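Below, in structure tokens: the form predicted alone, a single chain.
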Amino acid sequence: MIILGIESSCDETACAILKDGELLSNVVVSQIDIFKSYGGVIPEVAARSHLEAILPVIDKAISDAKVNWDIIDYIAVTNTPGLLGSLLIGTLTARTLAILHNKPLYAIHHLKSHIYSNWLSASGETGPSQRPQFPLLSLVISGGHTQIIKMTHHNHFEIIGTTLDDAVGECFDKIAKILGLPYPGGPSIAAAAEKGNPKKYHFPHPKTKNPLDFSFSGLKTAVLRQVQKECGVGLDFPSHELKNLLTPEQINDFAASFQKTAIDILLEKLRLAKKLNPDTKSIVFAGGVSANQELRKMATASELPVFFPNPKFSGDNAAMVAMACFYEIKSGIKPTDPYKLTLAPRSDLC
């Protein structure tokens, strides 16, 4: 079974080839350098960049895998959630290729792909020595999502906790901007935190009606207010100018204190979810924030049986899309009619 996967949900254009669950090629073209000067992704620019890159990326993935269209069995593509223009480029390309080459098409949910990145191995490896066991809990943490998902078996998802406002990755980006750290905020905060004191500032852990839900807007505001207080300015002072009043030591301490608080919140919710689901056999982390090394250290040091994706697959990539498709096929899920594929504005796994 050979699957060609395509990913274009945000600012990475990617294609991968998977054969019977083994990765043959994985090509990713990132737009991070384009958006560093803007401090975030501009959807229209992202879509145009996907348009330029997608066919060369697909050609390279096929070439690297040493396969051709005659032996490719399936096409998988991310179709939700994501930036509409970016998704449109990927899905239109996948639909066209499926029709042109008469291949079954699978429309894959982006969050499902991130979860299935834990079943991938890096190039040249034989595969993870252990795989997650069901039932499991997955903490999906990225720039757009923060959710706790329960899985009793492959392709059976139940969302038991979700963010009520900001995603944790978005919070990292916004705090980084306040502190004058470059985009993307996750790696920048992590680098500054290594030189800071995580106990210097104390921030609240927001409460939610459903104890498994998340809320990060209050944490973001609490950091902003503490920075304003430290700088001795009022609430009307422009937030983008606060960085000019902070010392490098203060920036590092704020980064470390915020990062520790955010990680503590994530792990507290996850421990509670495990307590409420005592039959859980595995904890699976997924999404771009799962690459955070401090999170990995703190989670691994706890009593939780944890799995993290290879850092190579933490961010957006097409290998995880192909792997999610692999388990859809094995689960008996039928392909999508390429003539009827739509971009439904949904964010929850179905």
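Residues carry their position along the shown sequence, with the first being 1. These numbers were taken from a predicted model, which means no experiment stands behind them.
Not pictured, yet referred to below: the form predicted together with a small molecule.
- When the small molecule is considered in the model of the complex, residue 142 lines it closely, a heavy atom lying within 4.5 Å.
- Using a 4.5 angstroms limit between non-hydrogen atoms, residue 216 is distant from the small molecule in the model of the complex.
- Shown alone here, residue 291 lies within 4.5 Å of the small molecule in the model of the complex, counting heavy atoms only.
- Residue contact with the small molecule in the model of the complex: residue 137 places no heavy atom within 4.5 Å of it.
- Think of it this way: in the model of the complex, the small molecule has a heavy atom of just one of 161, 196, 184, 132 within 4.5 Å, and the residue is 184.
- Only one segment in the set 66 to 74, 35 to 43, 48 to 56, 313 to 321 has any non-hydrogen atom within 4.5 angstroms of the small molecule in the model of the complex, and it is 313 to 321.
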